[in-house]
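This document opens with one chain alone, in structure tokens, the form predicted on its own.
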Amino acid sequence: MTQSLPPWHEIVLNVFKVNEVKLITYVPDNVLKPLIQALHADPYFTCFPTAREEEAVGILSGAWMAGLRGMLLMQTSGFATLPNVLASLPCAFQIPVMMMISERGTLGEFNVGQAAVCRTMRPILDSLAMEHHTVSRLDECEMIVDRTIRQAIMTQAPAALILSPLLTGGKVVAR
């Protein structure tokens, strides 16, 4: 008899707790909505939206310096605004800013801008020497999220978790 796994967002929430990731900043995103709602509903987390991704990186960097672990939730298009702030703050000063990015721009994407950012996101992360992993399967979700968080903290280096539409279902647009 096979045991069914909980939904991806429940797995992620539990991994955040195990790793004491308590501060969640985000730019609203429909794909991440179930996770954002679950985080807001749990008193363990301090969770709030930011106007821009760059603002969230600054908040998380300051939180780390104050002894608090956090995560930025965003979608692929928001990544396009981040290379300068990533290079000049968390990469330069070894601050383990962690990002969870819902991947848009692939697998039937309708928005040309999303597709362009999706094609450049991983090469930019590589050029910044930032650890990044893509979560595509529910059975790998816990391990990849957990190990990426642990490595970021132990090495004091920023990291990105990319949530594939194969995991989340992506953004569905009616035909």
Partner chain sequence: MSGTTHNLKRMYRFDLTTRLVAKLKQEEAVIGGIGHSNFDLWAAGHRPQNFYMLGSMGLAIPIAMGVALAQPARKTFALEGDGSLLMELGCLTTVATQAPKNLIIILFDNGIYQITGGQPTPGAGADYVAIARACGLATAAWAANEAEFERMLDNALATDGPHFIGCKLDAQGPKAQTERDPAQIRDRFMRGMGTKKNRTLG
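Quick caveat: nothing in here was measured; it's all calculated off a predicted structure. Positions refer to the first chain, counted from 1.
Only in words, not in the display: the form predicted together with the partner chain, which the text now covers.
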Next on the checklist: Taking the partner chain as it sits in the predicted bound form, is residue 80 near enough to touch it, meaning that at least one heavy atom pair lies within 4.5 angstroms?
Outcome noted: no
Item to check | 4.5 Å heavy atom contact, residue 156 and the partner chain in the predicted bound form | outcome: yes
Item to check | Any non-hydrogen atom of residue 50 within 4.5 angstroms of the partner chain in the predicted bound form | outcome: yes
Checklist entry - Just to confirm, residue 38 within 4.5 Å of the partner chain in the predicted bound form by heavy atoms? => result no
Checklist outcome for this item: Among 132-140, 54-62, 146-154, 116-124, the stretch whose residues bring a heavy atom within 4.5 Å of the partner chain in the predicted bound form is 54-62
Checklist outcome for this item: Applying a 4.5 angstroms cut-off on non-hydrogen atoms, the residues of 124-145 near the partner chain in the predicted bound form are none
